[in-house]
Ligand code: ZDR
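A lone chain, given as structure tokens: the form predicted alone.
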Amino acid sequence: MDFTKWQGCGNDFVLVDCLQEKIKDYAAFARKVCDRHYGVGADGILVVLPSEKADFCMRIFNTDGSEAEMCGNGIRCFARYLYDNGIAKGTEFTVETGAGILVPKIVTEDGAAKAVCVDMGKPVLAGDEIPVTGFGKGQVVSEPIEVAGKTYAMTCVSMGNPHCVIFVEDIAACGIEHIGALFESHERFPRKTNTEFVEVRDRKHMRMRVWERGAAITLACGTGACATLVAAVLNDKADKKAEIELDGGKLVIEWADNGHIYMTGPAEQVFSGKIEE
């Protein structure tokens, strides 16, 4: 089976074009291929499929075999694959995801792709739609949550997948290695959650680390960066366009006047290869 390996800000994926290939069991395949010792090694797999609703369909599976609704870094890599290989006709097209239909646009310079800008749609802020229990249709902005005996102020956002954003004074001392899993499986989150720990440098710059649901600590999370900007605006900590510095690189996120979130960042192919399913 042919595959390509991609990374966006260090968030890495094995992409399989199932317009050409077939995978019998996506979850089992993801667990095998994502293993960094016995497989290719990745934070997840991206699967290219046909769609009746959009130009293409993207499915993503985490290292533990669970399926994610969406992945911001993943969709940029997905879009670059389609563009670079001449599968997509033009620089802008539609992609069906578990979070709805999204529209990536290839940013070119002198005819070469330099970055991908994705219209990520509107953030979901109603508590029971994120979902976070106990808030009904209300927003979850700077609300208390107790984890490991300590009370944090959480702001929750869905970008098609759930996020819990925690603002901290010192990102180096946030203890993500110890508390990330406790946030992920907290009883407040019936579908678990991704958790972002964020240090605000100024109104246009933030530093973020992420514990991803089903994948643990990763170098970057595109939907998490989008959720971070939304949370920062809701808490009056940032402007509506800012640079988010992740462990693996930087993304520019904008909450535009039309209510949509736009994410711009890199996506690069690392290598291609063959693997037995």
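Sequential numbering from 1, following the sequence displayed. Just so it is clear, the model here is predicted, and its values are computed rather than measured.
Just so it is clear, the following notes concern the form predicted together with this ligand, a form of the same protein that is not shown.
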property	result
Stretch in contact in the model of the complex with this ligand, which is absent here, among 49-57, 215-223, 28-36, 237-245 (heavy atoms within 4.5 Å)	215-223
Heavy atom within 4.5 Å of this ligand in the model of the complex - residue from T155, N194, S158, T97	N194
In the model of the complex, M70 touching this ligand (heavy atom, 4.5 Å)	yes
